[in-house]
Ligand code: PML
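Before any questions on binding or motion, here is one chain by itself as structure tokens, the form predicted on its own.
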Amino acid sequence: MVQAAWLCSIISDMWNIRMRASKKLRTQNLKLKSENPKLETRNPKYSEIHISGAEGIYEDNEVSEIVGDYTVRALNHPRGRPDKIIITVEEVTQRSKMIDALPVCTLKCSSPSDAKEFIERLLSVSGISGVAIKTAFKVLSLKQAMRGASLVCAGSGRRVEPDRERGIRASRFGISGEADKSLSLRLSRNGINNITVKEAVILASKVASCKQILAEVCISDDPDYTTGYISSIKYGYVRIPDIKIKGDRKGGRVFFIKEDADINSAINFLERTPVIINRAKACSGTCPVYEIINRYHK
């Protein structure tokens, strides 16, 4: 009855809460010329860096607590203290799509070079072309990470996100209370039950539920977090330790989309359609890449 009541509440009295924290950094001084050299001044140039973000779909009685939690997270992130925190609380006005979480496993990996090889193999057997994989690695190695994800055609390797700076932002996703408890229990058995892993699994599960997306690869731009992931309906959520060396600020996210997909429809689903995870799946621990390839997740 509790679960049924929660499902009914999905239609109304639910709120999507999003947080983004950032900081402006002075990059250089631009010299402003004047007819009188003594009056020449320097105009500082700034760039905005992403500090932290968080998102979820919650019930009425959770809103104030979550807003407080997100604020504390933003102010105490290891990447530094932000100078801007934007928290958006938006009512969910359309029926949420109910999905299963992706099954979780951890790839046996010990170096960035191994990680690159394993990513190429997993993407290749997922139907992603070599040229598309090369495009993805170019995105993931950009000095300044995109704010969102790049959308790469799985065959031609074309980037089709409308704005290459903003990218595509998977949004409007959450998890039911029962599924959250179940996911925590399964992750705990493998020593990975933390907010970073849980939120990544939830986001990746929504992306994979888009029928036009074949796979996703993600490397955090957090210099202290060196575990990335690759995910798909076929192989689930695959954590990849040592995907980069500690201290490296490069990172990014790539969604591989079917060559003949309706781009606008896919973007609308990823960014606007509310999705709730109502069932957790298996968490199978650490395994070699060949075992992941030989396993088919349904």
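These figures come from a predicted structure and were not determined experimentally. The numbering used is simple: start at 1 and walk along the sequence shown.
Omitted here: the form predicted together with pimelic acid (PML). The next part is about that form.
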ask   = Residues in which of 255-263, 269-277, 237-245, 65-73 have heavy atoms within 4.5 Å of pimelic acid (PML) in the predicted complex?
value = 237-245
ask   = With a 4.5 Å heavy atom cut-off, would you call residue 149 a contact of pimelic acid (PML) in the predicted complex?
value = no
query = Applying a 4.5 Å heavy atom distance criterion, does residue 156 contact pimelic acid (PML) in the predicted complex?
reply = no
key: Contact test in the predicted complex: residue 220 vs pimelic acid (PML), heavy atoms, 4.5 Å   = yes
ask   = Would residue 227 count as a contact of pimelic acid (PML) in the predicted complex, using a 4.5 angstroms cut-off between non-hydrogen atoms?
value = yes
inquiry  = Just to be sure I understand the contacts: of 99, 210, 179, 200, which is the one whose heavy atoms reach within 4.5 angstroms of pimelic acid (PML) in the predicted complex?
reply    = 200
task = Let me know the one among 196, 124, 111, 188 whose heavy atoms come within 4.5 Å of pimelic acid (PML) in the predicted complex, would you?
result = 196
